[in-house]
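Before any questions on binding or motion, here is one chain by itself as C-alpha cells, the form predicted alone.
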Amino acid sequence: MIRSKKLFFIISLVLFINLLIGYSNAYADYAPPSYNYSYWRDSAAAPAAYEATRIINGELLGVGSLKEPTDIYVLNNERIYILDSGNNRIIVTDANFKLIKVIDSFDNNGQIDRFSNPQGIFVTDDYHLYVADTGNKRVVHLDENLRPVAIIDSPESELLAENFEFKPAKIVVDKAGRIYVMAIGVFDGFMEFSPDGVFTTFIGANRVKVDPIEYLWKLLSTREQRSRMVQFVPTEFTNLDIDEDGFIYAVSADNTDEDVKRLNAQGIDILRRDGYVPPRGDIRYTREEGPSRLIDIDVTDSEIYSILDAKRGRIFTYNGDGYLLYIFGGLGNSLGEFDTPVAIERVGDNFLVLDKALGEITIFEPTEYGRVVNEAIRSYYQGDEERAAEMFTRAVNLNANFEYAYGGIGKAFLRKGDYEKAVEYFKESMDRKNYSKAYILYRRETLRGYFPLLMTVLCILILCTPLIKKYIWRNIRGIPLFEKEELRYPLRLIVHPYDEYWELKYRRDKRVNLIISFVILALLSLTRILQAQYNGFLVNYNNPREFNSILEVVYVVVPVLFWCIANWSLTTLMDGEGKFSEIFISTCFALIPLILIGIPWVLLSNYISADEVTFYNFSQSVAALWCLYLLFVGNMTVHQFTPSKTVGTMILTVGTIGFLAFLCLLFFNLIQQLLSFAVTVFREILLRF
C-alpha cells in the first residue's frame, strides 16, 4: 500500500513538472532552414523556393565601391537603377548589370546641381526620374534627358505646420502623374502631390496605437505632466511600392496585423487578409528577438507581393489573398545572407536584395519549387484553373506541407463535379468555406443515390410499428439496466429540478450520489475529449498537434473544484446550509445537459454544412443555459437561499474563482521560476566541473 502511494506521488510529480515545462516552452521558436507557416501557425518545413546565385557590387559594375546604397528600382525588367546614397549618385544598368550610365548631377537652370544623401528613387515608363533628395530636402523630377521638370522643395498648405521641414525619403508615382512621398517625421500618412508638384493632401495614415495603461495614467495626470509625456501618434510607414493598377502597397513597423497595407486612391486599406497568417513576416519568434521589422515591399504581377524583414533578413512572399507562399533569406556571412538589407526588387522572377552595409546586391533565382508555385499563382489569377491545378499538384508533390495548394486542387475537382475528392482536398487545405460548398453537393449526391433504400426502410418501419412496439420496444424497456434508479434519477432531475434537488439533499443516499457525481464528471471529461478529437471539421478549431487528453480532463475537473471551493467559502460566511459534499453533488448533477447534448453532436457535426453550424451553436447555448438553470436551482435548494440571494451568491462565486485562479497562477509562476533557477544552477555546476 505504501509503495503504491509512493508510486502515485512520483507519477503525479512527474506529470506536474511536465506540465510546467510544457508551458514554459509555449513560445519557443524553432524553424527549419526553409519553412512556411501552417494553418495552425506552426513552422512547417518547405523546400527552398529561391537560391542565391551571385553578388553584384560596385567593382563588378566598374563604378567603384557602393557607399551605403539605400534603394533600387527596376524599370520594365530592362533597366536597373541603384541609388548609391553615400556617393550621391544613381547607377543605371541593363537587366544583366551591364553599366549604362552614372547620374551624379544635372543641369539646373545653367548650373550643375548635385544630390545630397538621396534615399528614394522612382522611374516612369517614359524614363522620367523622381528622386527623394533627402539631404537637400526636396524631390527632383528629371525628364528622359535629365533636364529638370519640377523640383518640390518647400510644400505649402494649411495642413502643414509653420515649422514643417520637408525630408522626403521614399517616393512613387502613379500613371496619372500624382506623386506620393514618404517623408521623415510625418505621421499623417503619405504626402500626395499633383503632377505639377503642388501638395494636395495626406493619405493612408496608420491608426494610433494606444497603451491602455499609459492612457489611464495620462487621464489622471495634470496638464503640466501631460505636456511632458509622449504623445499618442500614428506609426510612420517604412516604405512603399505601387502596382500596375495604381494601388499603393505600404509597410510599417507597427507590429500588428496591419503592417502591410494596400491603399486605394482615397487612402483606404483594401488588402485582402484571407491567408492562414496575416502578412506581417514571422509570427513565431523568441521574446529576445521580437517580431519582424519590415523595411521594404515589392509588388509584381498577379498581385504577388514580397516584404523584406530587416531584423532577420528574410523575404516573405504572399499572393493577392494574403496566403504566404514561401520564405527565404537570412542574416549571416554566406551567399544568400545579408548584413543590413534595405531594399528588394524583381527582374522577372529573380529577386534583387540590396545590402546597405556591404554595398552589394544579392541575386536570387527560383528553384523548381519556386517556379512551380509562381506559375500556379499566375495561372489561377489569370483564370486558367486547369493549369493552376496541375501546378498545385506538382507543388504538393514537392512540398506536402503546402496547405494552400490543396485548396487549388480542390477547386479543380469541384469544377469537375468530383465532390468527394474536393471535400478531401479542401479539408487538407483547412478551407472551411469551400469545404462547405463541396460538402453540400457531395451530401446531396450521396443522398440521391441512397434515397430509394432509405424510403424503403422507412416504409417498412412504419408498417411494422405495432410489431416493433409489441416485441422489440417492450423488451428494450425491460432491460434491467434501464430499470436502475441510478440511471433514471439524474435524467429525472434535469427535467424536475425543484423536486429532485430537494430529494437529493434530504432523502437520497449521499454515498451513492457521490459515486454518480464522479461518473458524471468522468462522462463530461470523455465528452470534451470526443469533441476535441472527433467534432466535425466545420466546428472543430482544435489543433490536433496540441491535443492532450489529460488537459481536457483538467479543463473539466479544475473549474468544478474551483466553483465548489469558492461557493463553499462564500456560503459559509453567508449562512448557507450546504455542505461541501452537497455543493459538489448538486454541481455535478447540473452538468448532465452538457453530456446529453454534447455527445450526439460529436456525430452530427460531421454531417453539417456551414449554414447548419448555427444549429450546433444553438444547441451548445441551450446546453449551457440549461446547466446554468440547474446550477441555480441546486444552489438555492442546497443552501436554502432566496432566488435573489442565490443569484448574488453565484455572481460572487465567479469573482472568487477569479481571485483563486490569480493565486494559483502566481503560485505556479513562482514554482516555474524556482525550477528554472535550479536548472540554471545545475547547468552552471556542470559547466564548471
Partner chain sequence: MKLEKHFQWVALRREIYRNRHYYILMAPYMIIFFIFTVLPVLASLGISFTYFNMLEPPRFIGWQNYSRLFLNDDVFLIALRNTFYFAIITGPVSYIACFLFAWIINELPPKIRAFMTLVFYAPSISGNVYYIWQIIFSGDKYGYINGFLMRLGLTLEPIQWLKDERYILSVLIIVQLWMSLGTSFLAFIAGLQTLDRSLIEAGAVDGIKNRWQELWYIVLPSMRPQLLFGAVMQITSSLAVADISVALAGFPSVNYAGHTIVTHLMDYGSIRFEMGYASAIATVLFIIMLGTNLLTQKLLRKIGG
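Positions refer to the first chain, counted from 1. None of these values were measured; they are calculated from a predicted model. C-alpha atoms forming the largest set that superposes within 1.5 Å between two forms make up the rigid core.
Note that the form predicted in complex with its partner chain isn't included here; everything after this is about it.
Participant: Quick one: from K416, R448, K510, R477, grab the residue that has a heavy atom within 4.5 Å of its partner chain in the predicted complex.
Facilitator: So the residue touching its partner chain in the predicted complex, by this definition, is R448.
Participant: Which one of M455, I268, L335, L491 is close to its partner chain in the predicted complex, taking close to mean a heavy atom within 4.5 Å?
Facilitator: For this set of options, the contacting one is M455.
Participant: Could you tell me which stretch in 140-148, 440-448, 336-344, 389-397 has residues with non-hydrogen atoms within 4.5 Å of its partner chain in the predicted complex?
Facilitator: Comparing against its partner chain in the predicted complex, the contact stretch is 440-448.
Participant: Is the gap between C459 and its partner chain in the predicted complex 4.5 Å or less for some heavy atom pair?
Facilitator: It does: once its partner chain is placed as it appears in the predicted complex, C459 has a heavy atom within 4.5 Å of it.
Participant: How about D274 - superposed on the rigid core, does its CA move between this form and the one not shown by 2 Å or more?
Facilitator: Superposed on the core, D274 moves its C-alpha less than 2 Å between this form and the one not shown.
Participant: When the two forms are laid on each other by their rigid core, does N617 show a Cα shift of 2 Å or more between this form and the one not shown?
Facilitator: N617: C-alpha displaced by less than 2 Å between this form and the one not shown.
Participant: Once the core is aligned, does T446 move its Cα by at least 2 Å between this form and the one not shown?
Facilitator: Superposed on the core, T446 moves its C-alpha 2 Å or more between this form and the one not shown.
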